[in-house]
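The data below hold one chain only, encoded as structure tokens and taken in the form predicted alone.
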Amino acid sequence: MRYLITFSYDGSNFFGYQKQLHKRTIQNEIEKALFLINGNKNVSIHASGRTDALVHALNQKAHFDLNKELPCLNIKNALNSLLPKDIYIKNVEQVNNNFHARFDVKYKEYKYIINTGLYNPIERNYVYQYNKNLDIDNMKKGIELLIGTHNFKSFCKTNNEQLDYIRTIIKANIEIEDDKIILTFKGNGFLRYMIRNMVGTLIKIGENKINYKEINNILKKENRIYAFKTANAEGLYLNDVFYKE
């Protein structure tokens, strides 16, 4: 039977989502718990995508197969009793055996949080402590230029060699809550470090070191060297995953 889980995690003490030998990862922890639930038989989980070290998730999704049918609530409760406290299973549902948590994704939504106020040691693992003022109006003009279908090669990891760099962003906006800037990106897919590289460039715009229209030139160059410093990982959250009908 195939099941889909919705789960959140605090990425602070993980080496990212993806399973790695001798390193603490989210995938490792969940698969260890499922091994016990499945009668000491290995279970592979397939997530909507991976997140890097220190990145958090509010509504990550993954599917897995069990060799027996179990009530969804029982699976949820069993997982939460076995998992460490920095991972929490929010929902379990049974899905069609053809469903795939990664390949059936329609959109993903990420949020990035920047603190422009006083340094906050309590939030240092969850909000990027920039701690200086930024020109929000210019940043809002810049982020709007990222909406649409573009080649985002300039905003992906330097050595990320792949055939397709075309992605569509359907929503990109900035909201202000007290001293915090919250950037939201919703699209059909994101390249590795893409959001953090876009945020790093938007910060340069907020510092008034480049004009917001430079976003268009950076996209056209299709080369990572023209974008700016990668923003810190701790401010990034996978907010939600949306599936095709």
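These figures come from a predicted structure and were not determined experimentally. Heads up: residue numbers just count along the shown sequence, starting at 1.
Beyond the structure shown, there is the form predicted in complex with a further copy of the same chain, which is absent from this document and is the topic of what follows.
Chemist: Using a 4.5 Å heavy atom cut-off, which residue among 165, 99, 130, 126 comes into contact with a further copy of the same chain in the predicted bound form?
Modeler: When a further copy of the same chain is considered in the predicted bound form, the option within 4.5 Å is 126.
Chemist: Taking a further copy of the same chain in the predicted bound form as the reference, which of 171, 90, 106, 157 has a non-hydrogen atom within 4.5 Å?
Modeler: Partner contact (heavy atom, 4.5 Å) among the options: 90.
Chemist: If contact means a heavy atom within 4.5 Å, which one of 54-62, 179-187, 26-34, 210-218 is the stretch that engages a further copy of the same chain in the predicted bound form?
Modeler: Only one stretch passes the 4.5 Å heavy-atom test: 54-62.
Chemist: With the partner left out here, check for me: in the predicted bound form, does some heavy atom of residue 17 sit within 4.5 Å of a further copy of the same chain?
Modeler: No - in the predicted bound form, heavy atoms of residue 17 and a further copy of the same chain never come within 4.5 Å of each other.
Chemist: Can you check whether residue 239 is within 4.5 Å of a further copy of the same chain in the predicted bound form, heavy atom basis?
Modeler: No, residue 239 sits far enough from a further copy of the same chain in the predicted bound form that none of its heavy atoms falls within 4.5 Å.
Chemist: With the partner left out of view, is residue 120 within 4.5 angstroms of a further copy of the same chain in the predicted bound form by any non-hydrogen atom?
Modeler: So residue 120 counts as contacting a further copy of the same chain.
Chemist: Though only this chain appears here, would residue 223 touch a further copy of the same chain in the predicted bound form if you measure heavy atom gaps against 4.5 Å?
Modeler: Heavy-atom contact with a further copy of the same chain at 4.5 Å: absent for residue 223.
Chemist: Counting only non-hydrogen atoms and a 4.5 Å cut-off, give the residues of 5-27 close to a further copy of the same chain in the predicted bound form.
Modeler: Sequence-ordered list: 8, 9, 10, 13.
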